[in-house]
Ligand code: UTP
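Just the one chain here, laid out as C-alpha cells, in the form predicted on its own.
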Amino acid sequence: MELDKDIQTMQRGFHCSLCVVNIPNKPSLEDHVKGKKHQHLLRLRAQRKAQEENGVFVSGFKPDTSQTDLKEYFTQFGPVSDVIMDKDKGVYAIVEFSEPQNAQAALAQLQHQLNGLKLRVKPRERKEFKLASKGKRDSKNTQISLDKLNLEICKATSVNEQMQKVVESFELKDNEKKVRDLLVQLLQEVFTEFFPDCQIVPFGSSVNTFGIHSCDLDLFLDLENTKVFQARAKSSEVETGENQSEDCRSEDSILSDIDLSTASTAEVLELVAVILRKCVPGVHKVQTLSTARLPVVKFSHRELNLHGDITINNRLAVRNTRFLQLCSGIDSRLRPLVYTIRLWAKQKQLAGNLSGPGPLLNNYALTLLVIFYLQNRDPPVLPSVNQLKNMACEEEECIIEEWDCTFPSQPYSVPPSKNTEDLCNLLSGFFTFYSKFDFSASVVSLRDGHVLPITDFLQIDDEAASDSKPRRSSAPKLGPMNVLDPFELNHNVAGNLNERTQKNFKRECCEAEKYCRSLQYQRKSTKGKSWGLVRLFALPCESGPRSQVGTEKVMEVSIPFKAAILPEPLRAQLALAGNGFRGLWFAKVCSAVHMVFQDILKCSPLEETQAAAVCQNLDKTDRDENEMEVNNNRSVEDSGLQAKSETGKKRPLTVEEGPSTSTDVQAKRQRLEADLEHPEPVHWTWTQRKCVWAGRRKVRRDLLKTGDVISKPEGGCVDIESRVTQSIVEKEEKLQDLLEFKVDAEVVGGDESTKVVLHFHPSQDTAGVFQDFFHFLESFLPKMAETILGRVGS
C-alpha cells in the first residue's frame, strides 16, 4: 500500500499525523486508513480547504451593514454561497463563493466600496488543519482548580469539614444563579412573542441543588398553553372570518406558519433554533440535535460563557429535578456526599471527564447511586420512592406519560431519618457498598429502595406485552450497570456504560474503600502532609501503584454475565430459574467453552470431569404448569461434558419413586434451585499439537478475500474461526512437545459481579509456548464464548 502524506513510518509501526495515533503494523494501517474516523477527518480537511479557497476576508464596512448588503455587493463576482459575520461587533465578515475563481475575481479588483466606505478585501487566512484536543485543556483547568482546593481542605480539621468545603468551592453562587435567572427571563420574553402563553422551565443541574460552576443551563419549552391558544385563535378565525385572535397576537405570530398540534418535534426545534439565532442577543453556536434520544437545541451565550439546551418533550426531567430537590431538602448530608463523590469519579476518569477512557457515568446516574446507597443504610437515610408516594397527599398526585411521579412537594412532609452517621463514615460506606455490589446480576431500583434480580427483566410477560400501555411494558436496556430511573422505569440511566467502565468503577471503589480504613483518611496529619479527601482525589498515576495479590501473573480468564447478548429463549429459561439462574447460565458457558476448545481450536480432551453439576431441564409440556424436571444426564449434555456411559439417556423411574406428587415436585424444585444457586466447579484437561493461535488474522483475511464468507470481528463467527483453525492445522507442523493444560471453571457472584472464572494450569511449558497460547485466549475465549451463547436456543 502506498503511504500518503499523513502516514509516517516509525521504528515500530506507523504514525498518522491526521488522527494523531500510532499504528503497530501494515494490516492495522489498512484498517485505520479505511476507518470512519480517518475518512471523516479527510473529508473535513478537504471541506475546510475548499472554504479557504472559495472565501475572502472583508472588513471596513459600517456596523449596521447586513449580510444581505454584503451578499448583494459581492454577487457581481459570482454566486455567493454564504456570508459569515461577527454579528455582535459587526467589524468583519467572511464571504464564501461557490467557486474559487469567483473569490480570485473579487481579490483581483483593487478597490471595493459599499455605502460610502472603502472595503478591505483580503484572501482568507490559511490555517493548518489540526484535530481538536478540548479534553486536555479542560483537564488542565480542572487540575488548577483542584490544586487550589487541596490547599483549602488540608486546613480543615475533619473529613466532614473537608466535604463541606468541596461543596462551597464548586456549588453555584448567588450571582451565578441570578445571571441564569436573567437569561431565562430574556428567553421567556423572546419566545412569548412567537409562542404566546409558552413557558420556559429550567431543570437539571442549575436548579436541582447539585449544580457546579459552568454547568449547562437545561431548559424545557412548555407549549401546551400555546397549543390551546392556537386552537382558540383558529376557532375565532372561523367564527369572525378574520385572521386574528381577540388580542390580535396571532396575526404577527410564528403560529400562523405552523400547526403545533400536528408539527413534528424536529420542525418545532428548527423554529426554536431560528429564534435563538436571530432574536436573542449574545447567543451563538446554535445546533439542532433532532435525532437524539431526547431531541434538543444546543446553544452558547458569548458574554455569559454559558452553554444551554432547550427541549420541548421532557416533562419527566423536570419532575426528576423536583425529586432531587426534595431529597436534598430531606437530609442535608446528601449534597456534600454527591459533590464529593462526583469529584472523586471525575478525578478517577469514571465520570464527567471528556478525556476519560470510553463511555462514562453521567452526573445524574452518580447521584442516583448515592441516593440508592443512602436508602440502604441501616437505618435508612432516605426513603424509597414508593414510601415517598405514600406520604404525598391527594393534591400532590402526579402522572406523566403514564408514569407515576407522585411524591410530597415539601421536605417537612417526610419524617426525619433516625440515622446519625457523620459524613466521614457515610463516604467510606459508599465505597464499601459498591465495592461488593454485584452489578451484572442486579438492577438498582430507587422506587423499591432495594436491588431487583436481573432475572425479573430477562423476559417480558406476555400479558404486559399485550397491555395498552406500551411504555410500561417495554424492558430497560440491560448492560454492565443497571440503574433504573425513579419514575421512567424502562430507562436505564447507566445504559451507555461498557464493561470496562463498570470494572473501573468497582476497582476504584475497592481502592477507595481500602484507603478509607487508614489513618491517613480519618485523621489530620500533624506533619502537614496531605490527608483525607486530598489523597482520595489524587489522579490514578499519583495515588501510587495498584495493590496486587502477587508478583506472578495469575492465569485466569473471566467471562462476565451479560444479559443483553443472550437470545430470548435463553433469557426466558434464566428468568424461570429465579435465584438459580447462575447455575443454569454456568452450564451454558461451560458448554460454550467446551465447544471453543474442542470444535473451534481442535484441542483434544485428555480428561473431563464434572462434580455434581446440576442443570435445569425445562420440558415444553411442563412449562405451562410451571414445573421443572431434574435430569442429571441432560445436565451433563447442557454443560458440554458428556458422560462415558448412557450419555443423553433418561434414568427410568423405579417403582418406589413412581410419579411425582405436588409435594415431591416442590421438594425437587427447592433442591434444584439450591444446586443451581451454588453449582460445583467443572474441570477439564486438554492437549494441543498445533500453534492454532499463530497467524490467525492473516489466515482470516485470506479467507475473507475468497468472497464466500461474511466479514465479522475476530471471535464473531463460529464457522469462520473453525475454518481458520482447520487451515492452520493443515499447513503448520506439529509442536515439538505436546501442549497439555488443565482448566478449572467456577461461577462467582453475590459479593462480586457474576462471572465464570477459568483457571489455567499448564502441565509443562519449558519452551514458554503456553504463555503465547494463554495470551491469545485472554481476548479470544470470552468473545467466542459470547458468540456461541448469543445463538443458544435461537
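A quick note: this is a predicted structure, and the numbers were derived from the prediction, not measured. We number the residues from 1 along the sequence you see.
Note that the form predicted together with this ligand isn't included here; everything after this is about it.
No atom of this ligand lies within 2.4 Å of a backbone or C-beta atom here once its pose in the predicted complex is superimposed on the site C-alphas of this chain, so the site counts as open.
This ligand is not shown here, but in the predicted complex it comes within 4.5 Å of a heavy atom of Val493. Proximity of Tyr364 to this ligand in the predicted complex: non-hydrogen atoms within 4.5 Å are present. Although the partner is absent from this view, Phe203 contacts this ligand in the predicted complex, with a non-hydrogen atom inside 4.5 angstroms. Shown alone here, Thr321 lies within 4.5 Å of this ligand in the predicted complex, counting heavy atoms only. Residue in contact with this ligand in the predicted complex (any heavy atom within 4.5 Å), chosen from Ile330, Cys510, Val286, Cys215: Cys215. Among Ala317, Leu570, Val121, Val414, the residue placing a heavy atom within 4.5 Å of this ligand in the predicted complex is Ala317. Of the candidate stretches 586 to 594, 485 to 493, 406 to 414, 448 to 456, only 485 to 493 has residues with heavy atoms within 4.5 Å of this ligand in the predicted complex.
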